[in-house]
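Below, in structure tokens: the form predicted alone, a single chain.
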């Protein structure tokens, strides 16, 4: 069967449906979100729902699943108002994936999976030292989505750590050179290869390769 209607989703086995629906959006960025609770307990979790919201002000957002079970990362962001987003590299994606395990709140995922913390002045949440693109954010807004009880967390970028040699003259960050990985569904990781960059599209003008 190659065509599916919404009624077919109800007949799918629970985990089959989750993987099927999660795969529909294709390759997404794989990121680790670093937080601490109000007592300084560190937390690290992998997410694939980071999206760009705007450039001025610089805003990014993450979707968190419903709080039917403890969501340590979401709770920490809500309580401390600060978090980090760290690109996952191809040389530690297995460790990053392991952070999705349900560790006790008292256990640091950094320690559990063998990744190192990195702190900078002005950002109270931990970064992943091994990541080559680190972003520090302050919480700006949490929007509860009644349709499925998820939480849209919007943060403002207040710090970025990326080496100059990965930034091109026009401001473009070369994520392929960074070794960043993508993720499809819940468990499929992809090394990224740039097809090409294209010129800004304008009516009546042919798109050119940059």
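Positions refer to the first chain, counted from 1. Computed from a predicted structure; not experimentally measured.
Just so you know, the form predicted together with a further copy of the same chain exists too; it's not on screen, but the next bit is about it.
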Residue contact check: residue 161 to a further copy of the same chain in the predicted bound form, 4.5 Å heavy atom: yes
Decide whether residue 60 counts as a contact residue for a further copy of the same chain in the predicted bound form under a heavy atom distance cut-off of 4.5 Å. yes
May I ask you to check whether residue 93 falls inside a 4.5 Å heavy atom distance of a further copy of the same chain in the predicted bound form? yes
Residue 45, heavy atom within 4.5 angstroms of a further copy of the same chain in the predicted bound form: no
Of 170-189, which residues get within 4.5 Å of a further copy of the same chain in the predicted bound form if you count heavy atoms? 170, 171, 172, 173, 175, 176, 181, 182, 184, 185, 187, 188, 189
